[in-house]
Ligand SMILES: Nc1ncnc2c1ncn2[C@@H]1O[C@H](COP(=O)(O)OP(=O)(O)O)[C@@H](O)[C@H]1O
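Have a look below at one chain only, the form predicted alone, in structure tokens format.
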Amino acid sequence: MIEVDDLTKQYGDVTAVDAITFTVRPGIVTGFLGPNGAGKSTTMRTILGLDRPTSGTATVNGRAFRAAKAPLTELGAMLEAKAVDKGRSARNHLLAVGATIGVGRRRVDEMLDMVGLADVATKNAGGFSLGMSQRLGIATALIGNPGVVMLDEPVNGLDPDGILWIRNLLQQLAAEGRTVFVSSHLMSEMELTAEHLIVIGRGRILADISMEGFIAMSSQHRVVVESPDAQKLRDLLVGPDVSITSTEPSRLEIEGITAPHVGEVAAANGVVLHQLADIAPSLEEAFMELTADSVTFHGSVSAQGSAS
């Protein structure tokens, strides 16, 4: 378990993390989301003891990670996939790491096989693609068979098969009862992988909630109805908090009420329904809505003139 309590981290006049509190529990995949500059990396570095908090605490299994007697068997982390000795082969890198906790060749070969690097085990890590480096970083994080796993952007550089593999791996680790904490900007993948979300913006917690609950927070939920009595239904549903639009005579898109409520009103008034669907926003849509005021770096797109 990871516990962060009233954690603040300042760099001079800049407050990167501002009095945040959350718990990452075992048995589920917890996603850690936020715009660039939100404080995700600082938080993860502080949990690992790489940065000292200005105030507050970050603990792993009830104590500071710095105090762990065998850190790699307690928490396995990957913050930067290419943070390896580029002159070492993948196998020698893992052997060197494993030697610090008494892990030998057998476990190293198991890890190389698990992450799909067995065929390139003797090649220097410096020549690896980003995707191959990600696989080596994950092997490094898991070599000590830790109960807590923390990964920053683990799917970067992976092909579709690799993305599916890491999704299944993370869910398997959680099913084994481990604590799994994953940061990612790939919303579509996080929506498929995580069960719980911690969302941070400008150094503060914006949400600490289940995936389902987070998406339900969005104002972009709508109900879609197909009915030959669409106009009658529309008149029945009109209210101060209800928005109804229509692109076809028999179709309504409704915001402000739920699909069950629409169905009950229709049934009570003899309105025939051909379709009734509750359309939820994607995680990306819900995330963009929540963090709209927390984005530090804004880009812009301007029209480009034609070449003369």
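The first residue of the sequence shown is number 1, and the count goes up from there. What you are looking at is a predicted structure, and each value in this text was computed from that prediction instead of being measured.
Another form, the form predicted in complex with this ligand, is not on view; read the next lines as being about it.
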*Would residue 251 count as a contact of this ligand in the predicted complex, using a 4.5 angstroms cut-off between non-hydrogen atoms?*
no
*Could you tell me if residue 41 has a non-hydrogen atom within 4.5 Å of this ligand in the predicted complex?*
yes
_in the predicted complex, does residue 37 come within 4.5 Å of this ligand, counting heavy atoms only?_
yes
*Would residue 14 count as a contact of this ligand in the predicted complex, using a 4.5 angstroms cut-off between non-hydrogen atoms?*
yes
*asked:* Using a 4.5 Å heavy atom cut-off, which of 251-259, 29-37, 63-71, 267-275 contacts this ligand in the predicted complex?
replied: 29-37
